[in-house]
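Coming up is one lone chain in structure tokens, specifically the form predicted on its own.
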């Protein structure tokens, strides 16, 4: 597997009783399979992974692998507090038919994250899970930044195929592109800095907004690659508002509210997260409609 293209970090659907709602997932896949998406990430940050049980994550992985019908790559978020549990979940993801796993660095005992400890953690998983490993750097949530020198050292492992970097540090992202081998995928972790990231060498991105506007994300990539930087820049600037609304500004509740507004299944969040207030839903709907109108206009 090569890590490239447009991926959506999908939200995990729950019903009104707070249980996993795979019927909602099924309806969302109808949209995603008809979009330019290359893959999805299940059980990532937008998927409320810390709030899912081990068994729920396994059920989610299996459902996604089945629903993708081989048309979308499925990357499973398998990070757990211990190496043992991360490994067990990774093996379950492989059994379920997922194409790769996504793994954060250990971050509770972050003061113990020496280079040696990080290499041991990721290498153990890469050696033992039968599907490729994608590193995940998300310092806003973990409080720990996975430094480029560690990534460069890990990139020589034949089963570690790439990294999703959500730091927003374009110098760090450029350094990753420079210092890792050809074929190692470096993914932007947000639609807000997608164009700058592919301009310095990223092979694609995993972006919350791609759940809703995979076509616009793909347009940025295609137009940049064919040299139409004006159009790519216009799309990138237009995308920032809706991407921020469903990520940094309003978080997972905002993404689920946007999904509901757009005709997908968003549904409830799981406690301790709180649902988006009505005024937030109205604001997200306005931002969504504004970008949709803009995108239709530039697509004519």
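Computed from a predicted model, the values in this text were never measured in an experiment. Residue numbers count along the first chain shown, from 1.
Form predicted together with a further copy of the same chain: not shown, discussed below.
*Of 134-142, 70-78, 154-162, 92-100, which is the one stretch near a further copy of the same chain in the predicted bound form, taking non-hydrogen atoms within 4.5 angstroms as near?*
In the other structure, the partner sits against 134-142.
*Report whether the minimum heavy atom distance between residue 51 and a further copy of the same chain in the predicted bound form is within 4.5 Å.*
Yes.
*With a 4.5 Å heavy atom cut-off, would you call residue 185 a contact of a further copy of the same chain in the predicted bound form?*
Contact with a further copy of the same chain, no.
*Heavy atom of residue 15 within 4.5 Å of a further copy of the same chain in the predicted bound form*: Answer no; every heavy atom of residue 15 is more than 4.5 Å from a further copy of the same chain in the predicted bound form.
_residue 65 within 4.5 Å of a further copy of the same chain in the predicted bound form, heavy atoms_ = No, residue 65 stays farther than 4.5 Å from a further copy of the same chain in the predicted bound form.
_in the predicted bound form, the residue from 104, 212, 216, 125 that sits within 4.5 Å of a further copy of the same chain by heavy atoms_ = Exactly one listed residue reaches within 4.5 Å, namely 104.
_Sequence-ordered list of residues in 255-291 near a further copy of the same chain in the predicted bound form, where near means a heavy atom within 4.5 Å_ = In sequence order, 271, 272, 273, 274, 277 come within 4.5 Å of the partner.
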